[in-house]
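Let's start with one chain on its own, the form predicted on its own, as structure tokens.
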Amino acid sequence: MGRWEPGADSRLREAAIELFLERGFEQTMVADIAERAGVTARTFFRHFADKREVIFQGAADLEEWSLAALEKAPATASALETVEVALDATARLLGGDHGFARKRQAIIESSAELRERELIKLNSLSARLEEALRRRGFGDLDASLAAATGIAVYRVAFERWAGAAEDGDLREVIRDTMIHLRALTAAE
């Protein structure tokens, strides 16, 4: 296929995911991905900065989506309730493709480099949520704790959801995880 044909980005993503699952992330080269997708390596780099971006493309958009939702939270919401609004929006955006999430999570878990990148992504989101909470008038401690707690809940919930055998609602898993956290802290 020529590089001008439509759908190269989705073919590249599909080829990369297949190869990462078959061979492993570290053993898969950009040339392998491009060949399987029927394009050149140069075309790959028009769509992705590197092979990690196949997994993490859209992280900046996800942050912006989450922050926009946080800004729409009721003014009377606590810091943690405000973060829950952002998490719910994130789940609406990510929760639609359980099959892809399972594959993506398996690839991330198989690579120390990708696990590190995932933690960096989550840390960045936490910092942005914290900053947004401060702008809404929450104090430093409340903003820090709420953002960090929200990211911890999200991470645990996402791993539970992605690891589940059957499709489920990511939003429900996040809500259930938050309820469990509240019960756990109330028992302390």
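None of these values were measured; they are calculated from a predicted model. Counting begins at 1, following the sequence as shown.
Below, we refer to the form predicted in complex with a further copy of the same chain, which is not included among the displayed structures.
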Triplet Asp142, Leu145 and Leu184 all within 4.5 Å of a further copy of the same chain in the model of the complex via a heavy atom: yes
Can you pick the stretch from 113-121, 98-106, 67-75, 85-93 whose heavy atoms fall within 4.5 Å of a further copy of the same chain in the model of the complex? 113-121
The one residue among Ala49, Ala60, Ala152, Ala31 placing a heavy atom within 4.5 Å of a further copy of the same chain in the model of the complex is Ala152
Should Arg23 be classed as touching a further copy of the same chain in the model of the complex when contacts are defined as heavy atoms within 4.5 Å? no
Decide whether Arg136 counts as a contact residue for a further copy of the same chain in the model of the complex under a heavy atom distance cut-off of 4.5 Å. no
If we define contact as a non-hydrogen atom of the residue within 4.5 angstroms of the partner, is Arg160 a contact of a further copy of the same chain in the model of the complex? yes
Heavy atom of Leu125 within 4.5 Å of a further copy of the same chain in the model of the complex: no
